[in-house]
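Presented below, as structure tokens, is a lone chain in the form predicted on its own.
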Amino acid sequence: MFLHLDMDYFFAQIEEKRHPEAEGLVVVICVFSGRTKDSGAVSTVNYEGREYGIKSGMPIINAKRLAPVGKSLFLPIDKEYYGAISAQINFLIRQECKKVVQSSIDEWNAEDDLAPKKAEVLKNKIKKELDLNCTIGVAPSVLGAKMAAALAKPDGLKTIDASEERKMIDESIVEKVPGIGPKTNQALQSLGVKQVKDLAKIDPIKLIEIFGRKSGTHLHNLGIGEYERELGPEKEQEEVSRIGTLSHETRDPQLILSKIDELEKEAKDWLMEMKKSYKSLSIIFITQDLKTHTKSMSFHNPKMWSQDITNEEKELVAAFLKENPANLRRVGIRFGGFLDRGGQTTLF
């Protein structure tokens, strides 16, 4: 069985946790271009905002026209912070499931014989450890799991068997099927294809002539109920990071370094398990105004997970504190520039 895990309105949900005052408000995460204060596009929006017609890709100025005055919060995108949270979720999923592929910053596919049970465990674990909601679909195929999750949003869990999966996909309108874009949908509509089951009525040779061998074959297989049952290749992970909240807002370097040491151990467990050495170290600082800052250094010779980097961490923390007068609320650590160490587990 396969499961598809999708974090609900991921960026906006994270910002709701960072901004307690945002409860009940429309929260819009924006990619500001910098030309004017309102130029740029919406990255994502919470469900309250979607009720007003605000959606991803919309110009920020249009979103502000739709948003209720005095009940909205427009925030700049913070990819550094979201990426660190994503890495923590990725770690939790890989602790539970046999085979995992991360398809985007907020979506994962996994294959596991105990997928229905693992789905419940993951929902509870992500909520308990990160206080975030996710939706999970479980089905006999990757496509079925993804579509089941879409039906269960938000904060849902939907498990379907093979017959339920076939019925769900057959009766779906083609534009709702992941991977079928507007142009393909338009072409299918011209062929009289409205629901997925209509694809079975079209000569497979005609589908191949119009859409090419790969896409045409895929569409034909959809119509006859043959769905993808492999996770596919995963893009190699380029970095690992951990982030955590300090006991209180502070500039005390000892408290900051103590938290970093705790997070370092978690990240290095992953490095050891994956047998990776690294060439870059970054410390992530989230200040009391909720802005994210990063200090980094690179190493000419890659470092092993077993090597002490206390002095390097002290150097990065000192550099940040010298430049920034604000108190810190959260800190994180990130390792990157991986090299495989094969079976080597000790440093000669």
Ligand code: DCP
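Note that this is a predicted model, so its numbers are computed, not measured. Quick note: we count residues from 1 along the sequence shown, nothing fancier.
Beyond what is shown, the protein has a form predicted together with the ligand; the following relates to that form.
Annotation: in the predicted complex, residues Ser258, Glu264 and Trp305 none come within 4.5 Å of the ligand through any heavy atom. Only one of Phe32, Tyr52, Phe299, Tyr47 comes within 4.5 Å of the ligand in the predicted complex through a heavy atom, and that residue is Tyr47. Taking a 4.5 Å heavy atom cutoff to the ligand in the predicted complex, the contact residue among Thr287, Asn62, Ser56, Ser280 is Ser56. Taking the partner from the other structure, the ligand in the predicted complex has a heavy atom within 4.5 Å of a heavy atom of Lys153.
In the predicted complex, Phe338 stays away from the ligand, with no heavy atom inside 4.5 Å. Residue contact with the ligand in the predicted complex: Asp106 places a heavy atom within 4.5 Å of it. Within this chain, Met1 is remote from the site of the ligand in the predicted complex, having no heavy atom within 4.5 Å.
Screening 156 to 164, 93 to 101, 191 to 199, 106 to 114 for residues having heavy atoms within 4.5 Å of the ligand in the predicted complex returns a single hit, 106 to 114. Taking the ligand as positioned in the predicted complex, the residues of 1 to 29 that bring a heavy atom within 4.5 Å of it are, in sequence order, Asp6, Met7, Asp8, Tyr9, Phe10, Phe11.
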